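Laid out below as structure tokens are two forms of one and the same protein chain, each shown alone and named structure 1 and structure 2.
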Structure 1
């Protein structure tokens, strides 16, 4: 007998062996034409496909042969992504520079964290379903190795490795798109306003933004970039000139300039209302109402931009003399020595402090 005549027999035998292996491993068909057990898709059943895979330690080799290597359907014509659009996770899912990185997936899918909780648990700790926690070594832990929820305020923007309760770490650098350069609009002058600046009081996020109570608060991730800059709090809107100058601050998200903020000089004082009238050379004293550019760097807040030195309407003084009267704020070299007393909404003169109203 010629050996080639046995080829069909080999083929039939290998199909049979393959199928019997599959039938042993997978739940048995219940009716002709169905590959899987009727309960294969019943989450409550012991035969549920998720439980089957869990018992196999998530090894999906068995599925590949009919559902395709990329799980897009193959000969079964049923794609895993028909039902759970992120699972099986693609290669590159945990590499931050990969197109299939899970952060990129989430960004492209409206930050649908709820879809992850289904399998990873309400608290992202793995739950009872997958036991795969997001908060394990090398993943969502801060620099002190403390667990940090993926919903932490410095997960998607800000400094990822800082403790989640450190507010300054919530703001860029690291914008949503990963940018860290201060010439990028997402980063801009954040840190100088909230922490590292030498000129003025540290601001809270709420001076410029509506701060979400949690990641799902309305108006937060449900709106498209650019971010909303509303300046709704007290400082940038501080009313001066005895209630007559009401600043209407705004941020222009095309030229990236702030206008009409109290902070950058939209203020006025009246001599008639002052207890220190000798400080005035005119009936009013005003700031310079400058419009700084968010990404312009230090020149946007150079000495003299927000108010002249001294301000228009102020008695004459050299920059080295400001300290004689505005002691504790500035020194005789014209350097701000206590930033908590400058751009704080208050007149600081002769060691006293009162509201600029």
Structure 2
């Protein structure tokens, strides 16, 4: 009778011992080196896990056994994301309208393109690990199907489909956040200044920004948005009035207004220094020193905002008469016909150009 009472005890002990043996046989969650060899994380080694996966045509069945189907740790308790910010890539990685789109990931990780190079090679052409180029059909190619580096300026802002050496395509629209509306600060009047030449000569990017030599130049992707507006080039700071008026241009990040630039009328011309004194009604001719709003649209660029019509200090004249002296620049309807000769730092009278000074 006593033996029957011990049977449940024997059963419980058997289960316990069996489970203990099973537990000892499972891989224990310590460090990668206890399961994988020491070179498993060495990108230069033939035993690097990236090369192992490549040989298996990127099938990760072995990985999920220990690291779980989402690679978050599983029985190993070691997440692949402890080392990888983005790989194994999630579904939607190359779909621009997907929350897991790699452009979104890079933006949220301070444009860490160096992490891409680990697997895709220094030139993003596939490298020795993946043999998967970033510059394949539907990816980083321009409208002519030419390869375009992910480091091209118009990859992140401007027209993505344009050739990477087309400078006017570097400027928004599209802004860093994808904006295309000119009322958004990342878009604003970029194209009006750099591409369309609506009222004056096309400007260089460097007129307002420090243009980086490459994507990793200090002060580029390592600084916070919005982009710095420094206006260190020649036109915005053009000195006039025989060296007595030195503009100090600035951009206000709060009201988005540009101030004190030659381009918007911060200039003076002295009659005494002019070879065309007949055009002066006073000893000084001045611009309006207008402060346009970056997102203000066409109203900010209306004729007469940067200087009066005619400029203050100029002899009285109708806009239809401008062409009498400024032929080749404006027609007899007051329309600018050669934008390269307007807001270019020069005075153009009777077809003769000279620098304002």
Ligand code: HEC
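Note that the rigid core is defined as the largest set of C-alphas that superpose within 1.5 Å between two forms. Positions refer to the first chain, counted from 1. Predicted model, so just to flag it, every value in this text is computed and none were measured.
Enquirer: Here are two forms of the same chain; which is the form predicted on its own?
Expert: Structure 2.
Enquirer: When you overlay the rigid core, is the Cα of residue 324 off by 2 Å or more between the two structures?
Expert: After core superposition, the displacement of the residue 324 C-alpha between the two structures stays below 2 Å, so no.
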